[in-house]
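Take a look at the C-alpha cells below, where one protein chain is shown in two forms, each on its own, as structure 1 and structure 2.
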Structure 1
C-alpha cells in the first residue's frame, strides 16, 4: 500500500498548541467583553437545512455554500437526466443540508424556533466556525471562526452605539489600533434612487462592496455588465469621493439626497449614532465611509466595518442592522443589529504586530525534574498542591538525562524548573531554577507558592 502524503483541504489549517493558546486569548478577550455588556452564549449546528441557507446571502453567497451529500444511495432518487443536468438543479436533488455560511441566518432561525423560551430584546453571542467555498488567499479561508454578538427585538439606536463600544473595548484589549467605518443602507438606497437606478440597488451594493478588493475600474465594469447606465455610474463618482469630517460629509449628503425620503432617513440615523458617539470618550476613530456597502442582502440600516490602521488585511469585524431577517421564517417586523469579529484575521494582525502577551504562550509555569521513583513520590503531593492553588505545573514523566528534561522545559517556555534530589528532600527545600535568568535558589514550598501566586 502506497504511503499517503498527509495534507489538509485548501483554505483550512491545523493549529499548533502555541497558536491555540493565542487563539484562545482572542476568544476569551472577546467573550469577556460580550459578557460585560449583558450578552449570553448560544450554539447552533454546523449544518443547516439548505432551505434555511439558500437565498439569504445573494446570488454570490449561494455559490459559496458548501453542500452536504445526502446519505445512502443519493443518486437513485434523482429525477433528472444526469447527462443534461445543470449543476445547481442537481445539487438541490442530492443534498438537503449545507455547512453554515455565517452565524446570523442560523441565529434568525434559532430566534423563531425558540420564541417562547427567550426574552426580548434578546442579546446573544456565538463563537463557532463557518464555511465558505471561497478562493483561498491571504487572510481569506474556507473554514474560519466568527465571533458574533447580536441584539434582536429593539429598534433603538442605542444598540448600534453599544456595538461600537464593544468594538472599541475588544480592540483596545487586544492592542490593535482599529478604525470603525460606518454607513447606512438607506443612504445607499437613496443614492441608487437619485442616480435613477433604484431597482438595481442590490447590484450596486454588491459591486461597491468589492471596491477595496478590485478597484474602481473593475467595479465600474461590473456595474455596466449589470445594465447600469454609464450616466448613472458617472453620477456615483463625486458621491464616493466626498471628503472632510463626518459633519462635512453629512452636510453634502443632505444636499445630494434632498429628493430621496429614504436617503434622508439614512442620513438622520447616521447622525444620531455619531451624536451618541461624541458623548463617549472612546479611544477609537469612527468614520463615515460612503463606499462601505456590506455585500449581504439582509442589511437594512446602519452598517459597520473595522480595519486595522497598521496592517492591510481587509475587514476585521463587520455587521449592521437588519429589519426583517426573521420574517423569512414567519416572524415579521422584528429588527436586530449585530456584528461579527473575524478571529483568524485578528490573529494574523496581532501576530504581525507582535502584540500577544508573552506570558500566555507558556501554559506550564513549573516543571519538576524527575530523578527517580523515590523523588517522584516526594514531588507528586507538592505538584498537587501547586495545581490546587491554580498554578499550571507538571513533572517530567521519566527519569531520563537532565539535558533532555531541560530541553523539554526550554522548548515549552516553562519559566521555572524545580530540582528535588536526596539532598533537598533531607533539608525539606526545593531547588528552583529561573529558566530565563539561569539563577538557582533554595526555598521552602510555601515561599515558592507565595512567589508564584
Structure 2
C-alpha cells in the first residue's frame, strides 16, 4: 500500500506541547477571572440536534453548520427522488445532527432543559470548541475554542458592566492592549425607524457594520442595492459622523432619536452602562461605536466587541444581550447577556506581541543523566524525593551517549542536569550542572533540595 501523506482537515490544527502550555495559560487565566465573578462551568455535547441549531444564526449561519451524516443505511429512508433532489432538502433527510456553531444557543437549550435544577439569575461559563464550515484564513479556523460567560434571568445593566469588568481584567492579565466597543441594538432599531426604513433593519445593520472597513461610499452603495431609499441614506449620514466623547455622542443621539420610543430606551441603557463604568476607573478604553452592529440576530440590547489595539485580526471577544433566546424553546420573557472570548485569536495576538510569560514553558526543572543500571537504581529514590517536594524532574530513560542526553535537556530547556556516576556515588554527592551558566558543582542531595525549593 502506498504511504499516506499525513494531514489534518482544512482549518483544523494540531497543538504541540509548547503551544498547549501557552493555550492553557490563556484558558486558566480566563477561568480564574470568570470564577472570581461567581460564574460556574458547564459543558454541552459537541453535537446538537439540527432542529436546535438551524435558524438561529441567519441564512449565512445555516450554511456554515457542519452536519453529521446519519448512521446506518441512511439512504434507504430517503423519501424524495435522489435524481431531482436539491441539496438542502436532501440534507435534512440524511442528517439530523450537527456540530455546535457557538456556545450561546446550546446554552439556551441547556437552560430550558434544566429549569428545575437552576436558580436564576444563572451565571455560567463554558469553554469548549465550536465548528464552522467557513473558508479558513488569517485568524479564522474551522475548529476553534470559545470561552463564554453568560448571565441569564436578570435585566439589570449591572450585568453588562460586570462583563466589561471581566473583559478588562482578562486582557490586562494577558498583557493585551484592548479596546471595548459597545453599542445597542435598540439604538440601531431607533435609527432605522427615524430614517423611515424599520423593516430593513437587518440590512441596515449589516451594511453599517462594515463602515470602518469599506468606507461610507461602499456602504451607501450596499444600502441602495438593498432597496433603501436615497433620502433615508441621506438621513443616516450625520448619525455616523457623530464624534467626541461618549457623552457627546449620547447627547446628540438623544436629540436625533427623540421621536423613537425604542431608540430612546436604547440610549437610556447605554447611558446606564456608561455611568456605572465611570465609577470603576478601569484602565481599559470603552468606546460607544454606533457602527458596531453584529450579525447575530438574536441580540436585542447592548452589544460588545473587543479589538486588539496593536494587531489587526478581527474581534477577540464579542457578545451582547438577548431578550428571547430561550423563547423558541418554550421559556418566554427571560433575558440574558453574555460574551465570548476567542481563545485562538487571543493566542495569535499574544504570539505576535510576544507577551507569553517565559517561565510557563519550562516544565522539567531537573534531569538526571542516565549512566547505567546501577546508577539508575541509585537515582530513582532521589527523583522520588524531588517529586514529593513538588519539583518537576525526570531521568533520561536510556543509558545512551551523554552528548545525546545533554542535547535533550538543552532542547527541553531544563535548567539543571545532575550527573551521578561511579565517582559521585562513592563520595555520596551529586554533580549539579547549571545549564544556563554552564557552571558545575558537587553538592549533597539536601543542598540541592534547598537550592530548588
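Computed from a predicted structure; not experimentally measured. Residue numbers count along the first chain shown, from 1. Take the two forms, find the largest set of C-alpha atoms that superpose within 1.5 Å, and that set is the rigid core.
Comparing the two isolated chains, structure 2 is the one taken from the form predicted in complex with the RNA; structure 1 is not. After superposing the rigid core, the Cα of residue 353 is displaced by less than 2 Å between structure 1 and structure 2. Relative to the superposed rigid core, residue 224 undergoes a CA displacement of at least 2 Å between structure 1 and structure 2.
Once you line up the core between structure 1 and structure 2, the Cα of residue 173 stays within less than 2 Å of where it was.
If you overlay the core, the Cα of residue 211 moves by 4.2 Å between structure 1 and structure 2. Here the rigid core is superposed, and residue 424 then shows its C-alpha moved by 2.6 angstrom between structure 1 and structure 2.
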